[in-house]
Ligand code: BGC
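Next up: just one chain, as structure tokens, the form predicted alone.
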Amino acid sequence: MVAEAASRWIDGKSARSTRSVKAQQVMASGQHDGVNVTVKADALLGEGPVWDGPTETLYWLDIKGKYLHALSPARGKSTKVQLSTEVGAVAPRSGGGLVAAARCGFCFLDPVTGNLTAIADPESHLPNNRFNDGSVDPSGSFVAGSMDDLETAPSGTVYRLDPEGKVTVLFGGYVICNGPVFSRDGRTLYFSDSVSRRILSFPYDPADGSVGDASVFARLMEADGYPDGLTVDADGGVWCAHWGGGRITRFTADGKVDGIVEIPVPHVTSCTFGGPDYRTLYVTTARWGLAPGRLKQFPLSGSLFAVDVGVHGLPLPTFAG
């Protein structure tokens, strides 16, 4: 028997009493209480969704499958292109195409052919590392973090690639760097220290990329899984994907839980706002690490979901290089 759909919005008061709720089994159909399966896929490690406003395209990645996906909701068309290496994050360039953070460092990426053109590799001396997540700051610089692919060594570092191609270290010493995103004014950088189950906030100056000391923005309980990708809405709320937690949580700007969207898969990896009015929250998920029995229980793992959560995002900056 199929359990009731786990996909629903829970307000902040209720959320505090449901932090241990597990995602429940649902049918592999198109909609679950407002959470739509936009692209039914079997991505090993779906990640890095980003909306390109001028082309009305959502780009997202399967890091371990080595694919770049492109969704055009207006045309009802979804495509993917094979990549030569693992790419953890992409962002639109102001002149067209994408900038990427890959296992081989920072690159330009042609979204049609999948070809990568190298820019710089700040971690060529760390063969077990790869880039994992990133976004563009208000100055047009691409900020991305790396991780130890064995998930043991604190070798992850967050870098800033400026439009001229200069790479600067912002901070480091983490096993897994996730979700570097920025507040609406660009003065705060939010970051998921996934292994420690903490979301951190750093004072940030977009003009020169200087970073202040970290503060703990929010902590996750063990039952909540691990904080993964992040995004920010037009009201300053911070949205966090829960790896192993089957949900997205919205935090207020002061770090309080404001609501939960339950997603019918265990590994929820990232989210971003898109669509013409930025009212759709797109959510990526993963099959990575799930045993065959769990995959049978959660057949939508690896798919792309879309949710109307009643708030909207804002157009994100594009890479100026």
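The numbering used is simple: start at 1 and walk along the sequence shown. Keep in mind that this is a model prediction, so the values were computed, not measured.
Absent from the display: the form predicted in complex with beta-D-glucopyranose (BGC). The rest refers to it.
Quick check for you: of 78-86, 172-180, 110-118, 197-205, which stretch puts a non-hydrogen atom within 4.5 Å of beta-D-glucopyranose (BGC) in the model of the complex?
It is the stretch 172-180.
Applying a 4.5 Å heavy atom distance criterion, does residue 45 contact beta-D-glucopyranose (BGC) in the model of the complex?
Residue 45 belongs to the contact set for beta-D-glucopyranose (BGC).
Does residue 71 reach beta-D-glucopyranose (BGC) in the model of the complex, with heavy atoms at most 4.5 Å apart?
Close contact is absent here: in the model of the complex, residue 71 is far from beta-D-glucopyranose (BGC), nothing within 4.5 Å, heavy atoms only.
Answer for residue 250 alone: is it within 4.5 Å of beta-D-glucopyranose (BGC) in the model of the complex, judged on heavy atom distances?
No.
Just checking whether residue 224 would be counted as a contact of beta-D-glucopyranose (BGC) in the model of the complex - the rule being heavy atoms within 4.5 angstroms.
No, no contact at 4.5 Å.
Just to confirm, with a 4.5 Å cut-off on non-hydrogen atoms, which of 217, 239, 243, 106 contacts beta-D-glucopyranose (BGC) in the model of the complex?
Exactly one listed residue reaches within 4.5 Å, namely 243.
Heavy atom within 4.5 Å of beta-D-glucopyranose (BGC) in the model of the complex - the one residue of 99, 136, 189, 147 that qualifies
For this set of options, the contacting one is 147.
Please state whether all three residues 130, 151 and 228 have a non-hydrogen atom within 4.5 angstroms of beta-D-glucopyranose (BGC) in the model of the complex.
Yes, each of 130, 151 and 228 comes within 4.5 Å of beta-D-glucopyranose (BGC) in the model of the complex.
Counting only heavy atoms, which residues in 53-68 are within 4.5 Å of beta-D-glucopyranose (BGC) in the model of the complex?
Result: 63 alone.
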